[in-house]
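Shown next as structure tokens: one chain only, the form predicted alone.
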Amino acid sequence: MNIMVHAPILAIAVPLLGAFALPLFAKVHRNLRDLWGAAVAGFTAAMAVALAVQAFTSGIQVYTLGAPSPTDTVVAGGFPIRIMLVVDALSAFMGLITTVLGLASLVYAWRFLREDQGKTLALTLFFLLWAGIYGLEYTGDMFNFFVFLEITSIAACALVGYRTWESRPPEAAFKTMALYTLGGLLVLLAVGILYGEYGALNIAYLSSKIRGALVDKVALGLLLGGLLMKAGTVPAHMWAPDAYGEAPAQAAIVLVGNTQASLYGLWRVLFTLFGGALFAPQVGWLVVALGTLTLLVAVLMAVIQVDLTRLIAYGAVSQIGYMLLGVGVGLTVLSGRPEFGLVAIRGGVFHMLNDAATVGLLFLAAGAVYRAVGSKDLRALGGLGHDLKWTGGFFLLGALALAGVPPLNGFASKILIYQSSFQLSPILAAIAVLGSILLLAVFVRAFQGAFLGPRLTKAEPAPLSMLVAMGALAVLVIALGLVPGFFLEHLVNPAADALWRGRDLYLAAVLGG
């Protein structure tokens, strides 16, 4: 049996199995639990990477569950009747981001999490969330998209709030759960409307039938509301700073991947599901406006933060705005397809990868600070650079990259967004640049307050596994900035093309023709 044929389902099923089996291994011995977790993570990562290689080199991968051959597309009555996993270049790209964040989280958690503070529970929830994110990115079915959306919501809220011996995490989890629930209900209602109208759930089949009728517009509005809410965009962003800020560091970076999976769902809805009927620039302008508002509001809120992790959280929300701005510019001009529209989408997609590495690095550095001194309050921190030299260096690197300082990775994607948004409206580019300048000032202040100056307290350096996780993301940040052309050519451009002109290929791969 060629195991690579089954890579799409294995990338979802193996971490799901790992999540449910991990507590059983923990009952036997914690070392057996750790070995099981490492094996599951390694196998899952191998499947995701192999699937990405197949998608980038051989085209769209279609996996049909329950068919005589998983590579068959089963058609009856003119539309697919089986559950399908469909992996194009964009899905594969998102799977790679999920893999990087998941592996970094697991390596970091090995020494960061304590046995008497729910380590087994945290690892179990991590694998459940990891499986759900892969499912969101690989599914070709709208109802299963909703199912995986709910799996990620449950696991994410539990990861934020499982530390019930503290007061703030459960509160943050409740707020997150409320917004996630509302967003999920909107998505479910949209799925029900589409099923009632067309009698199908397959994304490709629905896309071939949608023509922009009133019922389609209602479904689109519901999907936009639900996915933008879960992505943490203004004005429904209030859950994100609390969730990111109160989640333990190894969970916060997986929450970044979860947020990006919701954005991926948004792109899939706008460009693939409704791509045959959606040529109205008003929707693109709506995405652009929300992106601009998100980056500006989040940066301004970051200015007044004194909690290190909440400051990073607002920085993370601001980067969602840049992604929306880039892809929104491309969506606005989709009907005419000028070259700068494709550049904008490439910038937005590239920024998803850069954001994952940069924000992930910052959260891990903040987690090392909290582990060392037991505080995240910038007013009580100072001089940590004397004892946490590597952590301080990683934080500074992430801060400069997040602000888009060349030659780091944030600049490589933001310059594409600046250039393309300027051609749509110079005001958009000016706001984007202003946001980066303010973000630089905010994070320089945070670095100075936490790591420079006289030593206020003795801090224990981070263990090796935590440094390895931070170091791996730091290397990725530098590599993405120094040789962006390599990543653009081999990863970003195919993923952006899947949005810009890949709908017909997606439909042909599933429906034939």
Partner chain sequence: MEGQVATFLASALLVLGLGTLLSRRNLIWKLLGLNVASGGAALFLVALGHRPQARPPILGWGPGPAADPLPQALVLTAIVIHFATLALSLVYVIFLTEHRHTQDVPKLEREEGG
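Numbering follows the first chain given and starts at 1. Given the structure is predicted, the values throughout are model-derived calculations rather than measurements.
There is another form of this protein, the form predicted in complex with its partner chain, and it is not shown here; the text below is about that form.
Of the heavy atoms in residue 178, some are within 4.5 Å of its partner chain in the predicted bound form.
At a distance threshold of 4.5 angstroms between non-hydrogen atoms, residue 335 is out of contact with its partner chain in the predicted bound form. In the predicted bound form, residue 168 approaches its partner chain with a heavy atom inside 4.5 Å. In the predicted bound form, its partner chain lies within 4.5 Å of some heavy atom of residue 192. Interface residue among 296, 440, 158, 306, judged by heavy atoms within 4.5 Å of its partner chain in the predicted bound form: 158. Of the residues given (221, 196, 235, 407), 196 alone sits with a heavy atom within 4.5 Å of its partner chain in the predicted bound form. The three residues 47, 86 and 100 each lack any heavy atom within 4.5 Å of its partner chain in the predicted bound form. This chain is displayed without its partner chain, yet in the predicted bound form the stretch 168-176 from 343-351, 168-176, 325-333, 373-381 comes within 4.5 Å of it by heavy atoms. Residues 143, 146, 147, 150 are the ones in 127-151 with at least one heavy atom within 4.5 Å of its partner chain in the predicted bound form, listed in sequence order.
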